[in-house]
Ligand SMILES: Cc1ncc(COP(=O)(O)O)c(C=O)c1O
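Take a look at this single chain, the form predicted on its own, given in structure tokens.
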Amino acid sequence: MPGVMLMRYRKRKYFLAGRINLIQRSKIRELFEKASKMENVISLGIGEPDFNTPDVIVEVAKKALDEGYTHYTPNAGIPEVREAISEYYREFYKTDVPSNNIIVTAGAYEATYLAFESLLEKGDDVIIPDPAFVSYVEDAKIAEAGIIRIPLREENGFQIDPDELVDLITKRTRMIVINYPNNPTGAVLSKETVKAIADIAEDYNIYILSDEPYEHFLYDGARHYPMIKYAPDNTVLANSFSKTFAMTGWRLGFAIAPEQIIKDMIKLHAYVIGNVTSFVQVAAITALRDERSWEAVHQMRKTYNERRKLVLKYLKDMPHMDAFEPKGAFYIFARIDPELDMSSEDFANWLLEKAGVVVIPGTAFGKAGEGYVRISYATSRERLIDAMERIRRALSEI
């Protein structure tokens, strides 16, 4: 009898928590998997710098290992790292951020997750732009919060309309998500709009989750205005070393928020990962304080700007496509000619099969992304030229 019972048990199906079924798999990853099975494909889909981490940062991490930085650290991060982040905001933005208002996280991904889980619960609503980076909606689902999408329109520079924002706010509204410089559009937020959103958050007593990892990739005189400067008591700012210093694989980010919110985020963080890798944190200090790391950032920005201009020039002369001219990040949100009668997803799949080029359908970022594809220029000039020529030839044959 025990053997029979054991056999029946082994045949039983796995029963997973219902919340896991709420999360949708990223369309970006689905397209990458399809492309991985094909030969001679150029990807313009990846949201990752193609540069290596600056040598000065790498060398410090190696030295830290040799010096024994292989142990646990305080949950919130090594104090000197938090102080270096505080110094950075004082120097770059003339904004006072006490180190007790900072937590070091496993990338901006964890910072945003902690914010959603710490501030939202069932019955709360969060306003999320559309289109927007894919993780926000999924984080909201895990927090069991209601999701309200606010459309971003090209005619408004893909900026949030403050009047439209006010119209969406109800008694249930707990938070609004901001992401500028923006992924996927490359848009930046004007100072006037930043101030308007800050005032709305204060007037209606709601939080702003401001995700700002592309802050140093700005072009044509554009400027970045960190939300923490204008609504410090209402803002949770998420940021990352991944894009600025080409440190995506290091999984290093941070959040800034009022001290009590940080304390609550630390409690959850302590049970999720405990602390960010010790020698990685040591490298963060050098990334922020060493002139050589910033020289590398300036060079990356210059190179990205050259690539941005190259892709925009190609798209200007290309049939059946046009583009919003981005002032930030390293993406171009390109319009598909409606006469092609193809959805964004159909167009991306067609381009992969016809030209061997990966672009991301706008609908991967929300319904308002229909009619667009995201092109990343975080790849070499040679590959960009090859990809643009392939796209031009494919579209010329239609």
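It should be emphasised that the depicted structure is a prediction, and the values quoted were computed from it without experimental measurement. All residue numbers are counted from 1 along the displayed sequence.
Here the subject shifts to the form predicted in complex with this ligand, a form of this protein not shown in this document.
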This ligand contact at residue 133 in the predicted bound form, heavy atom, 4.5 Å: yes
Can residue 129 be called a contact residue for this ligand in the predicted bound form at 4.5 Å between heavy atoms? no
Taking any heavy atom pair closer than or equal to 4.5 Å as contact, tell me whether residue 214 reaches this ligand in the predicted bound form. yes
Can residue 243 be called a contact residue for this ligand in the predicted bound form at 4.5 Å between heavy atoms? yes
What is the one choice in 307, 320, 251, 224 with a heavy atom within 4.5 Å of this ligand in the predicted bound form? 251
The one residue among 314, 109, 116, 88 placing a heavy atom within 4.5 Å of this ligand in the predicted bound form is 109
Quick one: 98, 101 and 235 and this ligand in the predicted bound form, is every residue within 4.5 Å by at least one heavy atom? no
Determine which one of 200-208, 101-109, 261-269, 169-177 lies within 4.5 Å of this ligand in the predicted bound form, judging by heavy atom distances; exactly one does. 101-109
Residues in 182-198 close to this ligand in the predicted bound form, defined by a heavy atom within 4.5 Å, in order: 183
